[in-house]
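Shown next as structure tokens: one chain only, the form predicted on its own.
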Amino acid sequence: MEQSPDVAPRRILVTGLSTFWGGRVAQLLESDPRIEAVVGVDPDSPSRELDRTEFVRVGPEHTAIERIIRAARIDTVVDTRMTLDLGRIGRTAAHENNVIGTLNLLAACSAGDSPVRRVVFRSSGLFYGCSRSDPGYFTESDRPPDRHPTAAGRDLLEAEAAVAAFRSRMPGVSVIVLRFADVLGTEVDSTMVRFLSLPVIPSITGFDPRLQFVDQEDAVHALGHAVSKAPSGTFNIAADGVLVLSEAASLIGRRLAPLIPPIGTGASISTLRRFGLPLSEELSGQLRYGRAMDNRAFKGTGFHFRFTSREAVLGLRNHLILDPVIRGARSPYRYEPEVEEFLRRSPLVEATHGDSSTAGS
């Protein structure tokens, strides 16, 4: 692995700003006074309030992103766009985002005289697939299946191949790929979170697969760590500890129901999906074989996971208990361009902030 760059990141571009991933990472980065500027891009408006992150509404066109990179002198790009929930957006839109979007972003980062010196790419443990011949724990050197059984997995392999090609032709750029286990948390809307939130959790008869998770706070801080401290390379991001599905269901207070037969599993899952159950093509493999990843390489860069897989599940349980109580009290954030412009640019607001700081000193 290469060493971290001598020059610390100062001007950062975050893609996927409207998502949990992009929004939370932008919040984390803008809280660091050593970072001069954070620019977020997305076709959709931000979903959370940001203080000094500059939002630019832009699609996947690499020419627009290249202009932003040059104009803002971006030295670090954090790419959080990857989506694996094909049931939500459809295969065509997902491929456009996951593969074409990645190619366009890397083209923008590799344009002549580009100021980019570090790229952080959010990937997934889905890269490794699921099969009966899997190792106990996947390491970063383990190869994916020759033909990935899922469409999202094939997108992921194409995207990572593009990142690997970029790393080869741009030796002066540090490239960090993070393969995340399933993330659990109050702000995460994923197939796994929706699955574990069901009143009764369906399983495949005769199978109790091993599962591994990562708490949403550890996931966000892992991306922040990759921005400033991790060396160039590929890393598994997964909490310590592995649970079997029945144990996870028990911790959440749910009953496990073997509703899916071991033969004709695909047809049965398709039927259950038509009734609204969150059983994706990707999840069906995990329900049979499970997946676990070795996290020692990333911990070797100095990162500490604050939550185990078990604690991540318990955190989800607490959220499911409290959510009906606090749901009505929440008012979702709505991005309003005119208000955001006033709060960031108005001399009146700046003067008010200055008076407040003076009064408190």
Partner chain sequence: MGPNGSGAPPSERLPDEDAIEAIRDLLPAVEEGRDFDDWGRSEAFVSRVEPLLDFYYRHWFRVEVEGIGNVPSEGGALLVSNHSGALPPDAPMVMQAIRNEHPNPRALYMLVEHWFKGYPGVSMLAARMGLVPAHPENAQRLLHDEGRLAIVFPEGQKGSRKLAWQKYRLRRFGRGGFVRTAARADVPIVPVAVIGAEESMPIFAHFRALEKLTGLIYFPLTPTFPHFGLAAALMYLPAKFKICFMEPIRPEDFPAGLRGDPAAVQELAEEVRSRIQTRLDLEVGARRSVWTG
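Keep in mind the model is a prediction, meaning the values are calculated, not measured. Positions refer to the first chain, counted from 1.
Omitted here: the form predicted in complex with the partner chain. The next part is about that form.
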query: Leu243, Val78, Ile237, Cys109 - the one with a heavy atom within 4.5 Å of the partner chain in the predicted complex; finding: Leu243
query: In the predicted complex, the one of Pro262, Gly90, Pro231, Pro171 near the partner chain [non-hydrogen atom within 4.5 angstroms]; finding: Pro262
query: Listed range touching the partner chain, judged in the predicted complex by heavy atoms within 4.5 Å, from 266-274, 188-196, 158-166, 95-103; finding: 158-166
query: Residue contact check: Arg210 to the partner chain in the predicted complex, 4.5 Å heavy atom; finding: yes
query: 4.5 Å heavy atom contact, Val39 and the partner chain in the predicted complex; finding: no
query: Contact test in the predicted complex: Glu281 vs the partner chain, heavy atoms, 4.5 Å; finding: no
query: Contact label in the predicted complex: Pro144 to the partner chain, heavy atom within 4.5 Å; finding: yes
query: Site test, Ser45, Arg254 and Asn318 vs the partner chain in the predicted complex, non-hydrogen atom cutoff 4.5 Å; finding: no
query: Partner contacts in the predicted complex for 118-143 (non-hydrogen atom within 4.5 angstroms of the partner chain); finding: Phe127, Ser131, Arg132, Ser133, Asp134, Pro135, Gly136, Tyr137, Thr139, Glu140, Ser141, Asp142, Arg143
